[in-house]
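Below you will find one chain, with nothing else, as structure tokens; this is the form predicted on its own, and questions on how it binds or moves follow later.
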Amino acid sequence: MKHTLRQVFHSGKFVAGFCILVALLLLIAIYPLFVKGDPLAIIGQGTFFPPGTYVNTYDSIYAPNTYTLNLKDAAANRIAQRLPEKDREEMKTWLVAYGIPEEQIDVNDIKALLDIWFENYDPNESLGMIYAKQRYYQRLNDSIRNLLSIEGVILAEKNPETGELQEVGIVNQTDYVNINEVANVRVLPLGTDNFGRDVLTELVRATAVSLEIGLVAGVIATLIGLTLGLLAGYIGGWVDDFIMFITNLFTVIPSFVLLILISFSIGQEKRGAVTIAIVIGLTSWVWTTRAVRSQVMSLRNRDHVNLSKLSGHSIFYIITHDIFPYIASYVVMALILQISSAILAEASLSILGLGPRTTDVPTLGLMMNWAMIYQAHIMGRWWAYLPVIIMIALITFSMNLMNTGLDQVFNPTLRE
């Protein structure tokens, strides 16, 4: 056993896949210890908040300490953020119409653009434009001048006695607060989804549920395939004919089509994660049965098996002691592939809207389904679907690497 494990962990592909899978399992185990709460809790009153650190505006104004920082690029950054690209393009349009060469205007150089604008813009110049367009440029000019104002923002509160607003303070443009001193700060590394839920928290929980589905479905499919394959391959005769007849029936019907029909017939409210896992397992055993049967048929006439027969051992003893140990490594590889296939099957089902119920727990497939329904891929909200794709790819890639590594260890024809 030790020698076998040593061989397995000497396989570079197996170790690489194993490390990726362990890293994912550690993430699933450790993350909930620090970020607790319902992964389906709605925290954002809106859809698809971009990734970043969110600071409560009210608490930042009333932070216990205010610091004055004179940063060189602060004003330019402030203007660039509040002067959208559309307005900068409109400024360029007016300047070109005024006669400024287009190659001299760079809408990304805020300082140079403002210098050219204030040097040439004349609010009384119509340049043949309609009155509404001329008024637009006048309002744009006023807005730009307000951006350049060095005055702070006045804070006012209502006087409880008179009901009138009274000044309580000024927030200067050079005022800063330390984020560690703000009462309410929330880091959203992957933003929120279409329901305003934390994508990272949801992704971690969905990965755990998808792995659970894959494990349950893989174990069920492998047990069924192993049992039927052992019986058909060793006993033979009418038992083999009957098992292969059933196997061929399931082979003719595509397993995914059968999976869709069964999932649809169950109904949305009854489709829990375990239910889906069982359905996937019950429809995924066919290729395992055929593969195990072929392996057993090559072993049943070996000398050690015949010797066991002559010794009067039962069929159960022969199968478990003389045949199974020789195909155990193959069964482990089949289990790994079954788990990987089950995760992909669940994702495919959920994308079609036939996965686990949406109000129970998230899965990787459900997250993809929600992202597609709310057109995240069309609106460019990559954080709603790209991390899910990467997570599915990492899981399946790691398991396929592990399977390839095991195949190289246990298959004599592939050994280096």
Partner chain sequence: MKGYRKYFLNKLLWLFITLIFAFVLNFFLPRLMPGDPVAAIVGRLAQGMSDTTGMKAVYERYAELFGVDKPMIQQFFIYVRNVLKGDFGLSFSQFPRPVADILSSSIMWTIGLQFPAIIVGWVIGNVLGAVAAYSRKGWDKVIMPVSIFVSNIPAFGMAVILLAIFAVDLKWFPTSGGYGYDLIPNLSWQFVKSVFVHYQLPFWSIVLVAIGGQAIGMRSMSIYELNADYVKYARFMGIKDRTIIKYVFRNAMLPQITGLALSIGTMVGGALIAEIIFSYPGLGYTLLNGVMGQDYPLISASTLIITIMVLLANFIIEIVYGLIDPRIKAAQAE
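Numbering follows the first chain given and starts at 1. From a predicted model like this one, the values you see are computed outputs, not experimental measurements.
The protein also exists as the form predicted in complex with the partner chain; that form is not presented, and the subsequent description refers to it.
In the model of the complex, no heavy atom of residue 316 sits within 4.5 Å of the partner chain. Contact annotation: residue 403 falls outside 4.5 Å of the partner chain in the model of the complex, judged by heavy atom distances. The closest heavy atom approach of residue 265 to the partner chain in the model of the complex falls within 4.5 Å.
Using a 4.5 angstroms threshold between heavy atoms, residue 41 stays clear of the partner chain in the model of the complex. Of the stretches 247-255, 318-326, 217-225, 140-148, only 247-255 has residues with a heavy atom within 4.5 Å of the partner chain in the model of the complex. This chain lacks the partner; the member of 385, 31, 374, 49 within 4.5 angstroms of the partner chain in the model of the complex by a non-hydrogen atom is 385. Put simply, of 114, 344, 291, 331 only one has a heavy atom within 4.5 Å of the partner chain in the model of the complex, and it is 344.
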